[in-house]
Each structure stands twice: as structure tokens, then as C-alpha cells.
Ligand SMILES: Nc1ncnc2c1ncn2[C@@H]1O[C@H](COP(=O)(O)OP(=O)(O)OP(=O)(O)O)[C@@H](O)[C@H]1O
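Next comes just one chain, in C-alpha cells: the form predicted alone.
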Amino acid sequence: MDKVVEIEKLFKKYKSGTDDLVILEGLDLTLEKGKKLIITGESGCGKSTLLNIMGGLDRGSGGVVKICGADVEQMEEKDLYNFRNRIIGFVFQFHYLLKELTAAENVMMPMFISGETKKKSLEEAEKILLKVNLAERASFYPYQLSGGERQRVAVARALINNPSILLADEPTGNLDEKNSRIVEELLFSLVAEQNTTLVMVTHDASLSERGDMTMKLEKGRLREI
């Protein structure tokens, strides 16, 4: 199977006064296409840092990070921006929707930015909003949506370009139990439908049971549990 994630001896450290604070220490990870990895670990152990490095939002201090064969650590910023938009989807704890755009306009943006026409991008946005049960909310602005609805829009936006990998950082962390389960079901059904590799960071025990693998990040490395 195609390897979507290949990480070798990844280090990440920050300056803390005169000392180095080591977050990731020789971390290795390989993931094949369509696999679902759930990452747990104590707060502050580096889970979000790892996702950000995988997504090209941050840089490691050493090691190799390849996504779909491309070394994201060596990419120029412009190339990395285009690569992220085509290959990587992101869902965060907060939805980060643009308040001046409708739900459909928010969802269509990754496709439109990648070069597709506005008409085609909007058509695809409406299709995926239907899949997350928000077709009737397509023309609504974020302030007109509930928290759960906004997060479902964020999921649709992350997946509109049919990315090779979806990085999800506590995607249900701000939601109540009912909306958490709704977002969970939609997210897992969509990544399965698109055969998208999923890497999810979560403290939610029910989510941790839904991966092909569950790993714990501790002392700078991943351990399968």
C-alpha cells in the first residue's frame, strides 16, 4: 500500500530561557493510505506540535517528515502552501470559519484557491454540505449556525479537495456529548468514503476506540497501545 506518512527521527525543541525544551525526541511513524491513527497523551506532551509539523504549519528541529513522498521540512513556503491546500485537510478544536462568508463559501474556498472555477467549487461545496446534513444551511453565516453545525462545516471544508490525509486536533473538544457524536460519525464516514488517511489527536475515549491504531505520545515518542 502507498505510504502517506513517513516520519524518521523527528526532533522538536524550543528555547526556554537558556535551556532547550525538548518536545519530540527521535519520533518515528509510518502510515499507509486509508489508515486511521488516534493519538492520545497528557496535555502539553506535544500532540498538537506533531500535527502542526506533519501539516507544514511548524518545522521540526531535525529529522525527516514525508507526506505522500514529499519532504515537507524542505519545501519553500509557497510550495508548502499549495501542497497543504491540495493534499492535507485540517480540522481543529475551533472551527476557524470566516465570519463574512456563508457556510457554502467557507467550504468552497480550498477548491477555489487550488484553481477550480467558482461555479464548480460552489457546486462541490453544496454536495458535501448535503453529506454533513447541512444543505439547508448553505447560505447561512457562521453566527447563524450552532457550534455543532459550525464544526460540521469545518469538516466539509477540510475534505472538499479529497485530501490524502486529514489532521484532526481535538475536533469534538468544544462540543457537547450529542454534537460530539454527530461530528464523530460524519467525520469517520467521510474519511472512509474517500479512503483518506486520518491522524486524530483526542482525549475522547470513544474516539480512541475507532482507529486502526491508537498510540500514546510520551517522552517525545509514540507508543502503540
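Keep in mind it's a predicted model, so treat the numbers as computed, not measured. Note that residue numbering follows the sequence shown and begins at 1.
One more form of this protein should be noted, the form predicted together with the ligand, which is absent from this view; the next part is about it.
Of the listed positions (N179, N174, N162, T49), a single one reaches within 4.5 angstroms of the ligand by any non-hydrogen atom in the predicted bound form, namely T49. Here is the short version: of E193, E42, E32, D28, the single residue with a heavy atom within 4.5 Å of the ligand in the predicted bound form is E42. The closest non-hydrogen atom of Y14 lies within 4.5 Å of the ligand in the predicted bound form. In the predicted bound form, L21 approaches the ligand with a heavy atom inside 4.5 Å.
Contact between E184 and the ligand in the predicted bound form is not found at the 4.5 Å heavy atom cutoff. The ligand is not drawn, but in the predicted bound form it has a heavy atom within 4.5 Å of H203. Of all the residues from 168-191, the single one having a non-hydrogen atom no more than 4.5 Å from the ligand in the predicted bound form is E170.
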